[in-house]
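What follows is a single chain, given as structure tokens, in the form predicted alone.
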Amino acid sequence: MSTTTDLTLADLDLFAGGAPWGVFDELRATPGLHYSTEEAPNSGFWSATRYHDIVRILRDTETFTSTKFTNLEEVDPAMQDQRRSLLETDGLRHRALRRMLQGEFTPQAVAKYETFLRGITAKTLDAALAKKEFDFVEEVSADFPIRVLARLLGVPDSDTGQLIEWGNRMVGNTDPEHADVLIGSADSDEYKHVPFRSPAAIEVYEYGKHLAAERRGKGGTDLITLLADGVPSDGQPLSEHEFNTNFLLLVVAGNETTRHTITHSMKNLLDNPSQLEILRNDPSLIPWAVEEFLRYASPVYHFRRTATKDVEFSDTQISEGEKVVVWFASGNRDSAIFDDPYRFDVTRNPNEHMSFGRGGPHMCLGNALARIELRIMFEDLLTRDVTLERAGDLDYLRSNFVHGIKRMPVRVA
């Protein structure tokens, strides 16, 4: 393994086989923040890998801002307003945009979808399990959350395949299998005005604009109508750019993280049959087990902040304008917080994981929806008289942003 002085978390090869847990362990054990170099035009970044450091950064938005963007790409200042979504705002505008959407994502709001979710889950699992041998990602993990998203957006199930493809192309912008144009390549400059530098983003924009034009002013209750007709609490309506970027955010965030958590959780249960048996014997434990599913999966590796001033933090001198990256996956394996952190324990309590963030104003807006989706999926799957087993190797997404599994062959044993 590389030493802390020469490794860089910008190296995608570190993530070729999933999370580099050993690297995170080494970085947490090393005082201060770690500095990773990057290839031009990016300029490198500091990494916070310890749980408490991550929480402090997330809570201090005055010192560590999201407004300079939240991924590793250093977006051209002239393009920032065109690409800015809820994720890349702070302060009053962030609160206004969040309030406009959050009513649709409270625990009480998503609870009304339970009957619908159970119906989709049953349909997804019935179709998959009838095949006896199948790719769990394609038939279950990707199929289920995208159908939920289609319902929230008010679009037909026939559009779900296209929504999945768009998500793959954008989130997989560092994976040659999925990317139209690999980010960082010279060709990607053509798309520097859109998220992920992906031509798929332009297609998502056009799709969203068409739907908004159909629904604007008609009093619908779907998320597209909310974006098209809603006025944030600061009284400033969404610009065309803000509609585009926040619609795209819903398409990506409403599918990708839940999808990968479902896959990781099934893998982790198959790898830990004693924990699987605990939940089969007592399904009432599944709602709490969802928290361990989320901790162990850590579907989003990191988000970025930018220092707004020179600051000394965790024995590290950080200069104004430098990138500071919080690694949620590492925080979720911090032994200072989690006893025996590499033990998959569905009864772990407490379980203050940071898979949705932890503290601060940018806590994942859709966390209640993700939790109910995970609960219902595994309540159905684990109470069926069926046993799955792995039928081939996993194929991980080549990414240091999303801890994704592209394929997981399984068979009905």
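Given the structure is predicted, the values throughout are model-derived calculations rather than measurements. Numbering starts at 1 and runs along the sequence shown.
Below: the form predicted in complex with a small molecule, not depicted.
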Taking the partner as it appears in the predicted bound form, which of 119-127, 246-254, 202-210, 335-343 has residues with heavy atoms within 4.5 Å of the small molecule? 246-254
Can you pick the one in Ala142, Met266, Met170, Leu294 that has a heavy atom within 4.5 Å of the small molecule in the predicted bound form? Leu294
Which residue, His34, Arg28, His362, Arg348, is the contact with the small molecule in the predicted bound form, using a 4.5 Å heavy atom cutoff? His362
Check all three, Leu58, Arg98 and Phe356, heavy atom within 4.5 Å of the small molecule in the predicted bound form: yes
In the predicted bound form, Thr261 touching the small molecule (heavy atom, 4.5 Å): yes
Residue contact check: Leu86 to the small molecule in the predicted bound form, 4.5 Å heavy atom: yes
The small molecule contact at Val325 in the predicted bound form, heavy atom, 4.5 Å: no
Closest heavy atom of Arg147 to the small molecule in the predicted bound form, within 4.5 Å or not? no
